[in-house]
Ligand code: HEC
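To begin, one chain is listed below as structure tokens, in the form predicted on its own.
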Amino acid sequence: MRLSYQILSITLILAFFISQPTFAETNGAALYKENCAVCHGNQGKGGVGVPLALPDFQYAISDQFLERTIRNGRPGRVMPAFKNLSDAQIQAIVRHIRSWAPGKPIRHPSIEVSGDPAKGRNLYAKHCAACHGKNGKGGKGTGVTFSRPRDLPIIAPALNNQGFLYAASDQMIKATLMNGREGTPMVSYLKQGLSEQDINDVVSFIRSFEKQAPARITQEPDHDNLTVAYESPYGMKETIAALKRAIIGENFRIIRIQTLDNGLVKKAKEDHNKIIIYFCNFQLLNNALAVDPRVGLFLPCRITVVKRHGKVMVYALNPKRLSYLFNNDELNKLCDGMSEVYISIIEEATL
């Protein structure tokens, strides 16, 4: 009898621990630091992403809004979807975010918001479009440094966005318009003279974006497209000389040419059959950094020339593939152009 009791006790204890999320899974501070801090700041004071610690922001939103935002992101904007996180991990992050502004969030009225989207369109154009864009596409830029300006101190969110429209309830949008957010350009429109019915009309217009915003399902490009690769009909010296001419012809400046293993081995042992060419158009670089500073991970431009088994191959990372990782439609357009430039340079040098 005693042995049976001990076995039952051990079984219950094991079942309890197995059913509980691990500490690592529910450590919101660590999860936030790993997944969120790079954009929103270690203490939630903002950067590329909006400041999450602002009391007026926190008091206006629900936990569900935060959870849905983390899970689904904002398609085409800087905020990615965190599909890899478990529900327990997302809830832990939300609890950590909430720790910066303790208190009860605004209780949104449960009553349905009923307004006239046609009237709301005119009010939106007058009061909202300057920050959120004529078609609700949101603010531009990042503002990470003075050389990367953005339109406003805080990037106005894209309202015509499936991620936002799914995460935000009409009541939350209404509460934000009525109360504003201190510390941001978002003012209280009640204090600006709009009536509650005017605000209902604006909310109805914003909700009408839901019918216009296409469902955006981005599939990861094929792995074959990770690099641009061409075989050169010339030797190493001739290929490098032809690439230099083509690079300069595309209005780029060559920064340096070095062996791929430069700095990793002694100079006498460098492999001169593996050469990398760094080049840059500084206007293009500045424009790219203004769109998204993370593009600096694969800039300045570079082309690698490798001689192996008697063949000379020319390689470049494909900016189209890399831009997919950043969830930024504006950056995608720029990287499409960069890919065309890479191909133009390499084809001119090798064909």
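Residues carry their position along the shown sequence, with the first being 1. The shown structure was predicted, so the numbers you read here are calculated from the model rather than taken from an experiment.
Omitted here: the form predicted in complex with the ligand. The next part is about that form.
> Hey, in the model of the complex, is N318 touching the ligand, heavy atoms inside 4.5 Å?
Replying inline: Residue-level check for N318: no, no contact with the ligand.
> Is P157 close to the ligand in the model of the complex, meaning a heavy atom pair under 4.5 Å apart or at it?
Replying inline: Yes.
> Heavy atoms within 4.5 Å of the ligand in the model of the complex: does L52 have any?
Replying inline: Close contact exists here: in the model of the complex, L52 approaches the ligand to within 4.5 Å, heavy atoms only.
> Does F252 make contact with the ligand in the model of the complex, using a 4.5 Å heavy atom cut-off?
Replying inline: F252 lies outside the contact set for the ligand.
> Candidate spot V228, A246 and L334, all three in 4.5 Å heavy atom range of the ligand in the model of the complex?
Replying inline: Result no, not one residue of the spot touches the ligand.
> Q162, N281, Q171, T184: which sits within 4.5 Å of the ligand in the model of the complex by any heavy atom?
Replying inline: After the contact test, the surviving option is T184.
> Can you say which of 111-119, 70-78, 236-244, 257-265 gets within 4.5 Å of the ligand in the model of the complex, counting heavy atoms only?
Replying inline: Within 4.5 Å of the partner lies stretch 70-78.
>> Under the 4.5 Å heavy atom criterion, name the residues of 33-51 that approach the ligand in the model of the complex, in sequence order.
In response: Contacting residues: N35, C36, V38, C39, H40, V48, G49, V50, P51.
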